[in-house]
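Only one chain is shown below, in structure tokens, and it's the form predicted on its own.
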């Protein structure tokens, strides 16, 4: 937690520091560890419940390590209307996990995202920060094959 203390020190004096601190913690550790929540709460004079509430409210924050790859499928209405539900079911089946889960081998974490802003080219996804538009079964299979490397 020494690194977490350094991150807190780097954000001292920043107005509204909670979100930047949480992003920095997750970037450093790959997730927001529970023991970091207590340190952040104490440093910002917040309750642990307040910090936990922010971590659990925003879908981008994780409370456990992600897989080596993170696949985010858009679950917004436009993507659902363009076949996103069937695509989501296929991803869950192929990976053997539900949304919010990581494959047993730690290879891929499957996460929902609620709009990537690509409604006109839906359904869309993001793999390791890279956007993929007009995703279909074939593109999904290709993305998952990339994670095998």
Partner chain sequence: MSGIRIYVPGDAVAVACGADELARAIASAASIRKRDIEIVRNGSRGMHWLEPMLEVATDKGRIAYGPVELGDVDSVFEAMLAGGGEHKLRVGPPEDHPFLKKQTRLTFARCGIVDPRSLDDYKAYDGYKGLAKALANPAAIVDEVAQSGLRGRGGAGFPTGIKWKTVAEAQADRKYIVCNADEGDSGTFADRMIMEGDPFVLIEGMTIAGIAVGATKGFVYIRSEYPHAIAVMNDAILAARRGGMLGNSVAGSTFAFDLEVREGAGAYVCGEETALLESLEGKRGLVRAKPPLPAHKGLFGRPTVINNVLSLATVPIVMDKGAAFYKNFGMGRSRGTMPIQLAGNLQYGGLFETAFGITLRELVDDIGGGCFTGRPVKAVQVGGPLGAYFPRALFDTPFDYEAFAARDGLIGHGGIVVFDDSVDMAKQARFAMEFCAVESCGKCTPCRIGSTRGVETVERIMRGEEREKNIAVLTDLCNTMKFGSLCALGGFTPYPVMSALRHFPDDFNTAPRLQAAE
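Residue numbers count along the first chain shown, from 1. Nothing here was measured: the structure is a model prediction, and the numbers come from that model. The term rigid core refers to the most C-alpha atoms you can superpose between the two forms while keeping them within 1.5 Å.
The same protein also exists as the form predicted together with its partner chain; that form is not shown, yet it is the one meant from here on.
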* Option from 110-118, 34-42, 87-95, 62-70 whose residues, in the predicted complex, bring a heavy atom within 4.5 Å of its partner chain -> 110-118
* Verify the flagged residues 19, 58 and 80 against its partner chain in the predicted complex: is each one within 4.5 Å by a non-hydrogen atom? => yes
* **Listed residue that, although its partner chain is not shown, lies within 4.5 Å of it in the predicted complex (heavy atoms), from 100, 106, 53, 30** => 53
* Going by a heavy atom distance of 4.5 Å, is residue 126 a contact of its partner chain in the predicted complex? -> yes
* **residue 132, heavy atom within 4.5 angstroms of its partner chain in the predicted complex** => yes
* Displaced residue check between this form and the one not shown: residue 55, CA, 2 Å or over, core reference -> yes
